[in-house]
Ligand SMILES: Cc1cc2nc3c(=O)[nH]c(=O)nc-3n(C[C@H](O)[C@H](O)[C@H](O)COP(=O)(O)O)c2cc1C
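In the block that follows, a single chain appears as structure tokens, in the form predicted on its own.
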Amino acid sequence: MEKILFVNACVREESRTLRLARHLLSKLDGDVEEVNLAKEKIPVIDSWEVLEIRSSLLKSGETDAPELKWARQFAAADTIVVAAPYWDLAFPAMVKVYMERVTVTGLTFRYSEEGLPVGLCKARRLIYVMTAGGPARLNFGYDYLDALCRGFFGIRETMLFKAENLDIVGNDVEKIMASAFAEIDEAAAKGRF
């Protein structure tokens, strides 16, 4: 059975991004493990000491330490789904904090003899789901995760599903959402996931 890691960065109770993500998850076949970033309260790496502790744990082989749980989950997943609303041309800051905890030498990537990152993640794909109140012409959130996946984690396939312009006066929110749901349905019907 496929291991699906669902990284939930939605903070609204009635989150449209979460609605879209739940629809996508219903099309996937596997066991879903959710990391709710709003509830996890992942600590920011705000001192050299935090990095030294992480390095010490890795050197001593203590990869089961609580500080490394997010990287272990990420590395072991077959499919990763990230649901993050479009904030300030990217995503909520908690996604960046999470990715800093996930990007761990020796767990999610290593360096080659030439000093280049080599991915250690099992996942074959990362699917990014987002909604935006206006147009999302620049999407540094998806672009950032796509670059990490390809450049560090060894995850070669990334996909983006989005609904945008949801807060524009006069737009039909449910029609826009239905179109995004249909795009997911079409991708599922074509066997893309």
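Note that residue numbering begins at 1 and tracks the sequence as displayed. Treat the numbers as computed from the prediction; the structure is a model and nothing was measured.
There is also a form predicted together with the named molecule; it is not shown, and the following applies to it.
- Taking the partner from elsewhere, every residue among 12, 85 and 134 has a non-hydrogen atom within 4.5 angstroms of the named molecule in the model of the complex.
- None of 33, 29, 167, 52 but one reaches within 4.5 angstroms of the named molecule in the model of the complex through a heavy atom, and that residue is 167.
- Segments offered: 53-61, 126-134, 66-74, 33-41. Contacting the named molecule in the model of the complex at heavy atom distances within 4.5 Å is 126-134.
- The named molecule in the model of the complex comes within 4.5 Å of a heavy atom belonging to residue 89.
- Contacts between stretch 97-127 and the named molecule, counted in the model of the complex as any heavy atom lying within 4.5 Å, involve no residue at all.
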